[in-house]
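Here are two versions of the same chain, shown separately as structure tokens and labelled structure 1 and structure 2.
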Structure 1
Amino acid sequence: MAASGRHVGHYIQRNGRFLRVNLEGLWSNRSFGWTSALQQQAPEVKKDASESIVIPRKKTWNKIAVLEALASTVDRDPTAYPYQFQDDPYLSPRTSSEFKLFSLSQESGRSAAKFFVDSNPKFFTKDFAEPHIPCLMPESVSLRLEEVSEEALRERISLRKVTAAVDMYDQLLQAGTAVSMETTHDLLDLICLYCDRNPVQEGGPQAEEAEEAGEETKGRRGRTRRDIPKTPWKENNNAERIFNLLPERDSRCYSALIRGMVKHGAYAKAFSLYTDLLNDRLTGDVHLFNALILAAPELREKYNEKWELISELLNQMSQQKVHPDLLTFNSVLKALRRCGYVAKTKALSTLNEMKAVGISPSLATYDHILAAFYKSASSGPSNTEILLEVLTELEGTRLTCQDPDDVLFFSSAMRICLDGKDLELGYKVQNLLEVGDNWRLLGDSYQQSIYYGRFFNLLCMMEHIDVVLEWYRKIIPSRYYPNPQGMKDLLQALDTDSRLDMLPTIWKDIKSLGHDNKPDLVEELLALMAREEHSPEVQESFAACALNVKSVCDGRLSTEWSASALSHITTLLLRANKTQEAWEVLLVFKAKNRVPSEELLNSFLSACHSRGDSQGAVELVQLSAAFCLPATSGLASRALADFHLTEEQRAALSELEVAVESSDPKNQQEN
């Protein structure tokens, strides 16, 4: 009744909307009619005067507009594998490690092919495509110009061959040829960017590729590694040598060097070079200042001094009429993260400075601000409040990536929600993520898994189980492969809202996620199933599940059965009246040198009793005696009292009863 009432309400609501839409349509038609009539009247008046006809402008479509429109009609299918894996059924990832492996192998296959094509252009000369498709043809990666000339130097620079370019430059200098300023700039840029080392060839063979992949998967760890320069800046390397040889230096040369030094960790050197620049009465450019601001916290010890250095740099920027950009402010905020308590006061004023200058903040800006207010141990109210502010500010906006750090925002925002146990805020973050193409800002698969892991953890903690399961089906495993801890969270949520009947399905998921080899997770599952008695159907499914658990774990060689896991399985089987299977599990106890509890044996005996299985009872008591359990005599006497036994059985049992009694009189007293 209630349901039907709700249906009626639903229909009314829907129809109401339909009606309203129609009415709105009518209204807009009407108003449109008016305006067109007005427009018709207007030209009539004009007609005599000029007779001008305004031809509407041709609408030009972007080449991908049609495809974008089509793509927006496709919804995500939570039951399907990611699109990249749909071609090949062999490449269907079920766990996060498989996902990593498959996507990386796909990528590396592509890179290998590209590398082969590029390094053997003579085999790929035929151009089938009409019109010509440049990206299908081999790129030239080898040097063609051999003579000593500026042209050859340019070629080496464009192919990013650092050492070859430096050699060529030296040869040119020895030959007495002057190299143009522009080429020198490019050369310095190249050397500083790659720190006087040949860069990793894109699509190059083995090691480099693996390293890049490692960075991608390691994510956050990779990020810290990215911040710490891999190759330190060497004293008097080629960049500095060439720089010192230059007859005249302009600010671009300085900028290239300073950026290179900051990028590769020579912070103090960068600042001394900046003083040289000022002594030469030159002005820096914005990139130079951005680099210096990032380096500023490295040079000072105290938080106050760090900030003073940053603000001094900013003041110099404004004196030198250098206009700041988004990256300037992001660098300031990033540097502020290392300024301790100063950050709280200065972060917001920096944000307002941005606003005053007319630069709209990116996600990285907000990420840095959140970090400034974030203190993991004692999150006061301010932290979530700031996040709330940020989210109200951002609500419904379509974001674009403007800073490589933008991709860190979502996962850190979700961490704040999780730490504050703030479900509402978590939903707000998720909503922001679902706007437009914002999902692209979630970063690589590692960042994604962090984000969804936190979100799911928050849901399990705070949300009602039905909603949790809805999300579970939505994001797992199409977007997120939960780790064992995530599955435990889910189990706890099921327990809290007493939906333990879901456990067999969850077990299937655990299996497919490859977590069935985690003993603690399996044990927790079994314990939850065995803890209470349920309705017969549920018990039936639990027993089936327990058998499945057992067979899966037996299939593995290294399984170490714990006594509690085995007794949980036995209990579950007994509750579902699967005495035979339960007996087999009891034998496993013996085989694995585990000792069953007295309680378990008693309940087994009761199960035998209810089935009238006297032989089983005798065997049980014999098994118990084989374990040398103190409870044996009790079991034996219970079996003697309760069962209809043959003479032989009776004799065997009473023997056992007496044997244990004599060996352990204390036990007898207890019984």
Structure 2
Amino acid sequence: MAASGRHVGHYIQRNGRFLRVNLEGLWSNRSFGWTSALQQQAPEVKKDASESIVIPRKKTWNKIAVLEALASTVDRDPTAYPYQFQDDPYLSPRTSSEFKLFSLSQESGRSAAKFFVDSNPKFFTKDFAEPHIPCLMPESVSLRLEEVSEEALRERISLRKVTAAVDMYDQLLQAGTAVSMETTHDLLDLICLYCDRNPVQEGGPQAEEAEEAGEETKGRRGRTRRDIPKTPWKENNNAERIFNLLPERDSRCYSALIRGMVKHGAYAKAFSLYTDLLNDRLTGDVHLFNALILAAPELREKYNEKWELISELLNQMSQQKVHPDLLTFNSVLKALRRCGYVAKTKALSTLNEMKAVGISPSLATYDHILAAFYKSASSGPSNTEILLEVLTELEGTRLTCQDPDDVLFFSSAMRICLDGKDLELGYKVQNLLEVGDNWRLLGDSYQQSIYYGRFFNLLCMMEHIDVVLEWYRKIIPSRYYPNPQGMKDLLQALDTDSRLDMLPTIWKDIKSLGHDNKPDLVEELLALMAREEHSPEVQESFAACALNVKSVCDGRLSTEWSASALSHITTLLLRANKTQEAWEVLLVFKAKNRVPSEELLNSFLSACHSRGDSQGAVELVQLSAAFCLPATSGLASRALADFHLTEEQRAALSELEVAVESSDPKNQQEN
């Protein structure tokens, strides 16, 4: 049996080989499109086998690569609060004021904790973090070297102890000890950076003073806060004194003083010192010229003269063979913003020169160019065309911060879109912002609020209400806390697209955002609900919303009811057949010394007639008489004619009618 099985297998193998050979011959005679490719596979396989296998180098991953990979799989949750508040749910802000309060409180606590850790490093010696996190470990903030030496001077410089470093330098000079030029450079940089004052330490007592100074300069127009010197340059300060004591001065010493003078507002003195540098036959560096270019517009009054001074500095850079960098061209463009009409003629040529030398523009570059061509008072198509070209060039680009002014681009670009009412361009700006981590270039919370406020305003003006509400749920409150004007824009968008049925829902958001104490916003909401009649279901929701508005405002002692707001609430209650609640609101008119309109009183009388409430009609006429309104006579006549009254009620109304007619000045003149 086994032998017969072997014979059968041998027979199948031989016939199978014969069949395969015949089929290959048959296929070779037919013109299949892939025959040549099959014939080429064999030599290619042999060739690949003969080559040596190259093992790729081992890729080294950073310590947070896994965290970055996991983070890339998670999208932003639009319903969640900002990440900085997720550690403590109790401190989850609901309003813009709470956001500012909680964020400042959190930062203050962090600064106080770091100040305590740095002041007491002996209590924080163990490091449990893996990998090591340097910022969580205490920094050395106390002086360890007390002897008079250059090492002690460098220690004071590294710890930013300006006064202590100057004292140590003076002691070294008195002891006859020479200080190296490198240490002298660092000392001059420190003194000029902080204008001969000790810097504000984190958690120190001077923090509040610095914040107050920042708030004072925040509202000045034309220049950002970082451009306005907080501490003016003092004549013959320690930087100038040490500079004059130097036996030899190099360009680095001149550069330190000139940059410090420009930073702290001594522009004329900076140019005078630059003249001394040229007289000593020295050349400046790129940082020196960047500072002088920024200061040039401060020394001239006419626009042409300002540009001539900037052009002269650029020519001197070329003569001294100083290569410009990105900040050089950005400084030129920033200075052009204060050169009036000259900016338009020179901005684009500066950008072309920048690209010619191989320097890629940053967001600050484009921001300065947009500022040169765009004026809010004279918006035109050319302005949006320039922005469109910029966005087309930057489309899909992952941006990095290269200039401190980069964070101003997005808010400026959205302002142009808003003023030009260009929704498509606004979407392009938003799409660029959503690429990668470009959202980090929005700046601080203040700049972020400005950007999203303008974007939301543009949506409310130009977009369909369904899309507006979609963005509303997407960015509020995770990215943006709208101000009262933003909520007014939303109310107008709802009115434009006839979606007033959503006003009660918007009122809940107004309360949660803390804007229920804004009388103009609340009154506009009530006016939209009371402007026209709707279906019974909508009127019922409007009446409930009006009662909630009244209860919320009554719970605040500072509430001042206006006659129009009370009239709107009364009208909404009457339309929902809530006559008793409407009557209570009418009593508030009298309590707050507000006068109801004749139309409102007639509407209330009609509501009483539909219910057959004769007593309510009498009380209404009595209330009108208490206000001494001219409409009292007409109301009394209408009540006498339309209502089934008792004799007492008729007598009371007739008496009021006669009393009003007798007190009417027109009737007295006729008599």
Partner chain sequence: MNQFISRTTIVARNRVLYVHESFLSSNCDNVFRTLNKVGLKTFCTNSVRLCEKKDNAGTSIDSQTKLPEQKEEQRVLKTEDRGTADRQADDNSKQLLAKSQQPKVDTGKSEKENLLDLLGAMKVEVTNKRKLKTMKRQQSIESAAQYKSKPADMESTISMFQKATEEASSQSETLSPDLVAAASAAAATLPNRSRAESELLRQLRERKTLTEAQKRGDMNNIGVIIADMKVGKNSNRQNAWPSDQIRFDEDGRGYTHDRGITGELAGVRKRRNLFQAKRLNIFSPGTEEDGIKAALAKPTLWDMEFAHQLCQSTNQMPRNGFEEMIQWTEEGKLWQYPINNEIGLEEEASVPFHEHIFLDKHLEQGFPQHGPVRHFMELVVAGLSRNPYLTVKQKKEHIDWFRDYFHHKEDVLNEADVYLT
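Residue numbering: structure 1 sequence, from 1. Please read these numbers as outputs of a predicted model, since none were measured by experiment. Between two forms, the rigid core is defined as the largest C-alpha subset superposing within 1.5 Å.
J.: Quick one: identify the form predicted alone, either 1 or 2.
T.: That would be structure 2.
J.: With the two forms matched on the core, what distance in Å separates the two CA positions of Leu645 between structures 1 and 2?
T.: In the core superposition between structures 1 and 2, the C-alpha of Leu645 moves 4.0 Å.
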